[in-house]
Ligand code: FUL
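The chain that follows stands alone, in the form predicted on its own, written as structure tokens.
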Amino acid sequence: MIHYKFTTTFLLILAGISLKAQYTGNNYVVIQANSTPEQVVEIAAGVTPSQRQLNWQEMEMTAFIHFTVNTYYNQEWGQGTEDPKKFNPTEFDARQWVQTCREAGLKCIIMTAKHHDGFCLWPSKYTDHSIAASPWRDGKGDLVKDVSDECRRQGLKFGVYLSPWDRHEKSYGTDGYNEHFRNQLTELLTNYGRIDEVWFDGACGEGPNGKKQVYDWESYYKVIRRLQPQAVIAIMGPDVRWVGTESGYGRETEWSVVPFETSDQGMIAASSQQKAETEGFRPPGDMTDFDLGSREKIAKAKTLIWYPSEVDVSIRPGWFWHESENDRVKTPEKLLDIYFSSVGRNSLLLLNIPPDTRGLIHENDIKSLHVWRKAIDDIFSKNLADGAEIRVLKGGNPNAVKNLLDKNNASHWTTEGQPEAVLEFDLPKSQTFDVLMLSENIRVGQRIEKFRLSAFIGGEWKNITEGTTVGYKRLLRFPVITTSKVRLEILASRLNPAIAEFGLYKLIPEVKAIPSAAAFTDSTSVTLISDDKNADIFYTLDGTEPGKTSTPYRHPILLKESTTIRFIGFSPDGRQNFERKSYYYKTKYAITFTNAPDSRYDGGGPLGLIDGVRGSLDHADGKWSGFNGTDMVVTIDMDKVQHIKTIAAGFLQSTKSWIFPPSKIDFEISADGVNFKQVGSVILEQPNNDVESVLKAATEVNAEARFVRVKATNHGLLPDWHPGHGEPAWLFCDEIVIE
């Protein structure tokens, strides 16, 4: 039997009054052995973040800076044998780093003070493998100090990443290394002012002596809690967990309250989840499942902790800068999608921005960050629900509904004790929107399990979107609607929900080219349209960046040669869409499908498979031909018999989007288009976890032919490990190259 004491604080919770002044946190609880699943759910509703975890969550977005001697060796992982004399960022500018991050809306910079190679960006007295041995500033520089000082000047928080794995340090793999690591950790935590985050990964490989290290994690935590008690410890630590993928995408159902199981209950009760000065935390086991905190997962838990998710991703393919990736910086559109899928899914986004060999953040990265930030500001600058009259249709308690629109996540509205609620919002006028924002007051706990948004359209209520967890922030996008009345339904909750904020927003205007890309044999006509009928569209055909001084779009564009169209739209209120590029390729080839691709993913038409433009990791970029549950069989007529050296085809695997590579690809050739001969076959390994990449299948031919046929066998049904198991997989192809 569980007894609850109805304190003044609890009564304030029911009333929806702000708890900011009284907040202390309750981020772990040991569950009695005889607790029922229903009682465990009630307990879970009361688990809340510590003050340091709350401060961390409210940052929403932070920056990772990967910069070390690796940058000068053009590599991701160093061996520990790199020459410090190669490290010389002659144009290093801490002001530029911090300003770039600040203007992008990133609230903290986490420096890679030491990566796996062991090279230290500060003059550590415990190693000779540091910037003190480099020519930079004659060995008298301290990059950690410069960046930490500049963060304070510009109002950003500062954190450090100190790799436990050290491929240079001779004591690595021995008991003495733990003391060495604590010494270096102490240097960072005592010489550089306030530290707000200490970031560890679990990398543990061989050192110079061929041995692996047994890390004394608990002693590391002691040092941090003693020297910087306000700092969160991530990812191999008690405060913040890794989301489980480096793609930038979090779970659609993300619980911050999760089970924490070890054999030693006493150790948990005294763990560093409890107080800043305590010790004894053991990193949990696998935290990468699709479901970590549902009722089923916590039903038999012995301990529950507040353990929020961090989503890390790099703005480039690599974590360190590589010149070859200067044209592969994530686009503002991709970054915005990541924002919605990380911050908008109850996680914090940790975005890596690696400086180049000059010691500067590259201009391509800065440009993408600026456009991305403007898009976020344009979208969320005005809550279209402001001024709404709010009625409580279910849940009672008409008090404090104003808190839903007060832009304060420390206040909230709640029901009179029941887990379900229906709120109706009468907007001051008809509004057009396509984004829902919900927020819970996590000072009270994370409680909402399922919700739905409906709109009054055409004289009836229509479901618009729905979701599961909310947490600190939930963002959902949906097809644009126009209405003056919406309903929010809380369909399931752990105890009474505590809704902090409600918002309706409009995405930035979108301009599309129709067709989005195409290959053609004679000529083709391209139409540019915007979802904002008042937007002005401008375009270029010469490869230059479009702007308001470019050619204004007035009528369809007739193309007779291979051309790239770059275009952008501006709304009267100053909001602008992302610049888009569409490619049009003139060819004599013809192509036919045995099974047509899905109309939503037609690759710009049949010739899109041979238009010379490859699809990106974004499956919705208009370049991919997608087949849902069916094989791809495509035949290419090259107009005349030619000598063929090789045939290659590209395929996307993006398992989060249910896209799997084909299990088999067969290549065939023919002189007459009737009698085909197989010239190659490729088997692709099927993924068994979350992956995202573009794969290439190729075969040598060295034969004469006019026709080429490519057969790709669909993966079939999604496997048991996938959340959509049993549903048909997608197959995405682009580009087929014949040489």
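Counting begins at 1, following the sequence as shown. Given the structure is predicted, the values throughout are model-derived calculations rather than measurements.
Keep in mind that the form predicted in complex with the named molecule is missing from the display, and what follows is about it.
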Would you mind picking out the stretch of 437 to 445, 225 to 233, 550 to 558, 194 to 202 that comes within 4.5 angstroms of the named molecule in the predicted complex, counting non-hydrogen atoms?
-> 194 to 202
Taking heavy atoms only, is residue 179 within 4.5 angstroms of the named molecule in the predicted complex?
-> no
Does the 4.5 Å heavy atom contact test between residue 129 and the named molecule in the predicted complex come out positive?
-> no
Residue 116 within 4.5 Å of the named molecule in the predicted complex, heavy atoms | yes
Proximity of residue 77 to the named molecule in the predicted complex, heavy atoms at 4.5 Å | yes
Using a 4.5 Å cut on heavy atoms, which of 339, 92, 215, 161 is close to the named molecule in the predicted complex?
-> 161
Tell me, out of 578, 319, 583, 433, which residue has a non-hydrogen atom within 4.5 angstroms of the named molecule in the predicted complex.
-> 319
Since the partner is left out here, which residues of 53 to 72 would have a heavy atom within 4.5 Å of the named molecule in the predicted complex?
-> 64, 66
Outcome for the Cα pair residue 325, residue 656 in the predicted complex, compared with this form (closer or farther; change of 3 Å or more) | closer
